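The chain below stands alone and is given in structure tokens; this is the form predicted alone.
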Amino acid sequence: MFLESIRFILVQNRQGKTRLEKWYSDYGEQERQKLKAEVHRTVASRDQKHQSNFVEFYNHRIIYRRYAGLFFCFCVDTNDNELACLEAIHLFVEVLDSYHGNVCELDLVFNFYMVYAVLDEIILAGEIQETSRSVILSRLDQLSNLE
């Protein structure tokens, strides 16, 4: 279940405020701001009941999933497996839920270092490295024991 290349990951709230961003491709600061605004505009305007979670976006594809008031968005190559990417988003949210109880937007804001640690355990250099929730949680426990 390995994706060839994730370009970037964004977690944004309904108002468009970015709560997490991870860039695996080289984009300038102005281009990043433009991409964040365009991604939010694209996914927030979609009908959740009648449209898919896959959106063509320039020469790439945005795979997103909405959990409560947050949009978890991955930008991937067009030839990548969309369902594997959706599964990676779900795994990310499951691990956050397991670690925090029921994760909410404030957990992302006040514990951003832990959120990035979870993301780094799952994805490395734009490729999914680990898909086992129990392995990820045990690594996070080891990491918290070091602190």
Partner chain sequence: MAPMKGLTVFIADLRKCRSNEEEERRVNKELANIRTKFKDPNLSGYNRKKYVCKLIYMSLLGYDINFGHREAVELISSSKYSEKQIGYLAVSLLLIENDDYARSVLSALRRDMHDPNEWIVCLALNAISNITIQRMAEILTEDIVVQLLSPAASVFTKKKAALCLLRLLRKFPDAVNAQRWAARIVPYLGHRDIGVTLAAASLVTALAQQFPDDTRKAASFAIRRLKSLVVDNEYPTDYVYYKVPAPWLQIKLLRLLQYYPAPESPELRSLLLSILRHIIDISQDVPRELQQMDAQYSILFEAINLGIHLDIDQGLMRECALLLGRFITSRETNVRYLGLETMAHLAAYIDTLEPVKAYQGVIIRSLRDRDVSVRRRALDLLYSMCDVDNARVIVSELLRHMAVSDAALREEMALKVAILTEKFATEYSWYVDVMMRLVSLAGDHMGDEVWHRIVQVILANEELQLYACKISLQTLKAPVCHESAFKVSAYVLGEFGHLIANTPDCAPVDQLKALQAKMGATSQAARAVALTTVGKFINLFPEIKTLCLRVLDRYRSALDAELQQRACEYYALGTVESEDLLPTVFEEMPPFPERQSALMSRLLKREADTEDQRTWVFGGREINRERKLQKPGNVSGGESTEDLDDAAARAQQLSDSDVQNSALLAAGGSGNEQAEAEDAGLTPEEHERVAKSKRHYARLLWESDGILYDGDEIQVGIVAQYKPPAGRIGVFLGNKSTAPICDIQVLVKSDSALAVQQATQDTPGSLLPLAQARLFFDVTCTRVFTTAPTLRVSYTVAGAPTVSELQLPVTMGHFIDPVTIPVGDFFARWKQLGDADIKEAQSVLRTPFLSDAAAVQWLRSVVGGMGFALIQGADPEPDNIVGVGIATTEVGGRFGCLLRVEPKPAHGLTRVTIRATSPDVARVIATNISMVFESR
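Positions refer to the first chain, counted from 1. These figures come from a predicted structure and were not determined experimentally.
Another form, the form predicted in complex with the partner chain, is not on view; read the next lines as being about it.
A.B. asks: Each of 22, 52 and 84 near the partner chain in the predicted bound form, meaning some heavy atom within 4.5 Å?
C.D. replies: Yes, because 22, 52 and 84 each have a heavy atom that approaches the partner chain to within 4.5 Å in the predicted bound form.
A.B. asks: Answer for residue 46 alone: is it within 4.5 Å of the partner chain in the predicted bound form, judged on heavy atom distances?
C.D. replies: Residue 46: contacts the partner chain in the predicted bound form.
A.B. asks: Is the gap between residue 66 and the partner chain in the predicted bound form 4.5 Å or less for some heavy atom pair?
C.D. replies: Close contact is absent here: in the predicted bound form, residue 66 is far from the partner chain, nothing within 4.5 Å, heavy atoms only.
A.B. asks: Does residue 132 reach the partner chain in the predicted bound form, with heavy atoms at most 4.5 Å apart?
C.D. replies: Result yes; residue 132 sits at the interface with the partner chain in the predicted bound form.
A.B. asks: Consider residue 88 of the chain shown here, and say whether it contacts the partner chain in the predicted bound form, taking contact as heavy atoms within 4.5 Å.
C.D. replies: Heavy-atom contact with the partner chain at 4.5 Å: present for residue 88.
A.B. asks: Relative to the partner chain in the predicted bound form, which residues of 95-124 have a heavy atom no more than 4.5 Å away?
C.D. replies: Read in sequence order, the residues that approach the partner chain (within 4.5 Å, in the predicted bound form) are 106, 109, 110, 112, 113, 114, 116, 117, 120, 121, 124.
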